[in-house]
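Only one chain comes next, encoded as structure tokens, the form predicted on its own.
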């Protein structure tokens, strides 16, 4: 496939580009900075809040051809608090609209884009209705960043309604980690409350990339869909049931919480996309000891 990837210079973007290229896809990488070490064939600096630039990327810029089979949209201010709230909303939501609209105009029917675990209600000052949390309950954004992601999910539903043959898959990524990030995990083991804000979840960037590729390659899906993408385990060494204490003991349990299993349910992604996370922080950490 020929795939346009936005946000290619980011933590997840680099892993996604590497994974797509490794699996034989041709990638046109764009970002606000040039990812010099990207394995993609070509990299271009674009402002995704400028619709003209986004449209030109889809239609071809000089030697970069058009005719993409899919777009993977990862570019965004990546978390709350990185800049003023209005700037986060204006950047992220406008950029996503531009990508969705340009894809529609260019006839690209496969869009995979980065939503966020935050729409589940993070940082869970109000407890979730049950655990493991899944895609079944309504979004409950608690920050402007998350509100933007909720707006993007709603936009995706309408773009899919306008183009019944289109597939817009939003991946609700948990906290993305690289291997070097695992050095910090031991600092949380005696203070689990430090990571309760996302129910102790994370996703290895390489497994996040796997999910992106599987979504892009899924040829039989139509409409707007969302999937939680997280590691199979938590950031803690202790068993998951032992984390559900104090105020968390009041949360109804409606699924498997045995062992160290994640409280961010990836069952739908497993079942419908074939997602199968291969990387655990604990395996890597203990291998370094």
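Because the structure is predicted, anything quoted here is derived from the model rather than measured. Residue numbers count along the first chain shown, from 1.
Here the subject shifts to the form predicted together with a small molecule, a form of this protein not shown in this document.
S.K.: Do residue 75 and the small molecule come within 4.5 Å of each other in the predicted bound form, heavy atoms counted?
M.R.: Taking the distances in the predicted bound form, the answer for residue 75 is yes, it comes within 4.5 Å of the small molecule.
S.K.: Using a 4.5 angstroms cut-off on non-hydrogen atoms, would residue 56 count as touching the small molecule in the predicted bound form?
M.R.: It does not: once the small molecule is placed as it appears in the predicted bound form, residue 56 has no heavy atom within 4.5 Å of it.
S.K.: My question is simply whether residue 20 lines the interface with the small molecule in the predicted bound form - judged by any non-hydrogen atom within 4.5 Å.
M.R.: Contact with the small molecule, no.
S.K.: Answer yes if any heavy atom of residue 264 is within 4.5 Å of a heavy atom of the small molecule in the predicted bound form; otherwise answer no.
M.R.: Contact with the small molecule, no.
S.K.: Would you kindly say which of 199, 111, 133, 114 lies with a heavy atom within 4.5 Å of the small molecule in the predicted bound form?
M.R.: Selected residue: 114.
S.K.: Note which of 70, 48, 231, 27 lies within 4.5 Å of the small molecule in the predicted bound form, where distance is taken over heavy atoms; exactly one does.
M.R.: That would be 48.
S.K.: For the chain shown here without its partner, which stretch in 115-123, 133-141, 210-218, 179-187 has non-hydrogen atoms within 4.5 angstroms of the small molecule in the predicted bound form?
M.R.: Correct option: 115-123.
S.K.: Taking 91, 145 and 149 as a possible spot, do all three reach the small molecule in the predicted bound form with a heavy atom inside 4.5 Å?
M.R.: Affirmative, all three are within 4.5 Å.
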